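Okay, so we've got a single protein chain in two different forms coming up as structure tokens, structure 1 first and structure 2 after it.
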Structure 1
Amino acid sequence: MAKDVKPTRKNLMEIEDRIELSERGHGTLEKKRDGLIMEFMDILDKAQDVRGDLAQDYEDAQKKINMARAMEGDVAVRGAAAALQEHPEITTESKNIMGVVVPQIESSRVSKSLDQRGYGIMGTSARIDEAAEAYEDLLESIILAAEVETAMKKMLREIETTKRRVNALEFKLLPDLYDNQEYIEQKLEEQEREETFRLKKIKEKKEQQEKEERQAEAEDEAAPDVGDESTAEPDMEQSTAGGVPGGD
């Protein structure tokens, strides 16, 4: 991963910006996750209570319908059940808990009076009424359980997603970014050292060149004197040679 980026100052600045943003996002997501877990704990406590009530209501309802079946017969109970005209309905509104939309279920026509049930009072016994009432109570508990369990499921999904995001940032994205940052910094330092070394070498070479030039100049300066001497000799010879005939 670290090898994929070009070690330039621009990339380093971009990576530093991304690290800053990711660290800020990581912190925010951690806070969100913790907040969601706290909210979830409250809902879980409520859910445990609702579940307890639901189990109790179901047990009561079963006892009552079994009693009605035993006393009135299964056909009578089914007949009463088939006569029902009022049907319970639910409407859902939503509530927002830390960005999670959870439902609030409103029910209507769950609990009914005797005359609303639709079966004849004369043809049925109190056992059936009691069973119907127990099941109406059970439905109320079911609606409450549905509301709480939906909220739990939605919050669990959100917690899982947030947790995955936090982990991805903490264990994948941020380490990769730190690696890249380190790689670029190392490369840039290396380049800087190379540059310094290169400049040093150039300077040395230049100094050497200057030294050589100075030496050459010094030699050049010294060389004309020697040249004069060497050229003066033939003149002198010539002058002496010339002088001889002259002398002759």
Structure 2
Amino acid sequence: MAKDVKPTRKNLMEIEDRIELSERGHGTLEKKRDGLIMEFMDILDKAQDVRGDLAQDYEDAQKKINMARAMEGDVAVRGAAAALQEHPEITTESKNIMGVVVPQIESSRVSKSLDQRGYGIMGTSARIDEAAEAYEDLLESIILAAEVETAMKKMLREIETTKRRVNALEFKLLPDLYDNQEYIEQKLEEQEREETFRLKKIKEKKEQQEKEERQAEAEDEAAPDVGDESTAEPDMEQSTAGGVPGGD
């Protein structure tokens, strides 16, 4: 991947910005993941208690309904169930846990008094009352279990999603960015060394040219002096030769 990036300072600055942003995002996601895990563990403990209560309530309800059927008969039990006038009501709201929206279920008219169940007190026995109360408790447990289980599943999905994002940043994106950064820095250093070497060679060549030019100028300045001496010697000989005959 690093070889696909052009080694320019602009790209280096962009990669450094992406690294800074990715590191901040990685830290934020790690904190979110840890927070979600802590919240999930709390919900998991609650879910285990709710599951235990639900299993116990179901077992109790089954025992009491079987006892009512045995003592009063199926017709009496079904008649008491059909006499119910007010059915339970359930409303759902939502709450936010570490950015995860989970349901909050509220129920009403689940637990009822004897006169609210619709069947006559004189026409039924305590067995049917106990069975009705047991199934009201069971329904409360089912509603609570539904809320907790749904919240737990949503939290678990969010934890998995956050973990994948953290791993993608930690093991894929950030290493690639670090490799690109190192690659560009090495290439820029090589270019800088090559540029320094080139400038050094240009400077040496320029200095050599200047030295040769100074030597040439010095030689040009020295050349006329030699010519004057060579022309001056014949003049002296002529003046000497001319002076001797005049003496005779």
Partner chain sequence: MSQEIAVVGSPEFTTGFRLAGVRRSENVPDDEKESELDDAVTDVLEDDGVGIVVMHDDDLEFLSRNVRQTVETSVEPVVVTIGSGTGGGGLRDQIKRAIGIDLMDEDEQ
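When a residue number appears, read it as a position in the sequence of structure 1, where counting begins at 1. Here, rigid core means the biggest group of C-alpha atoms that superpose within 1.5 Å across both forms. Quantities reported herein were computed from a predicted structural model and do not represent experimental measurements.
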{"item": "Structure identified as the form predicted together with the partner chain", "value": "1"}
{"item": "Residue shift check between structures 1 and 2, rigid core fit, Q85 Cα at least 2 Å", "value": "yes"}
{"item": "Core fit, then V75 C-alpha moves 2 Å or more between structures 1 and 2", "value": "yes"}
{"item": "Per-residue C-alpha change between structures 1 and 2, D42, threshold 2 Å, rigid core fit", "value": "no"}
{"item": "For K206, CA displacement between structures 1 and 2 after the core is overlaid, in Å", "value": "3.4"}
{"item": "Inter-form CA displacement between structures 1 and 2 at Q215 - rigid core frame, Å", "value": "5.4"}
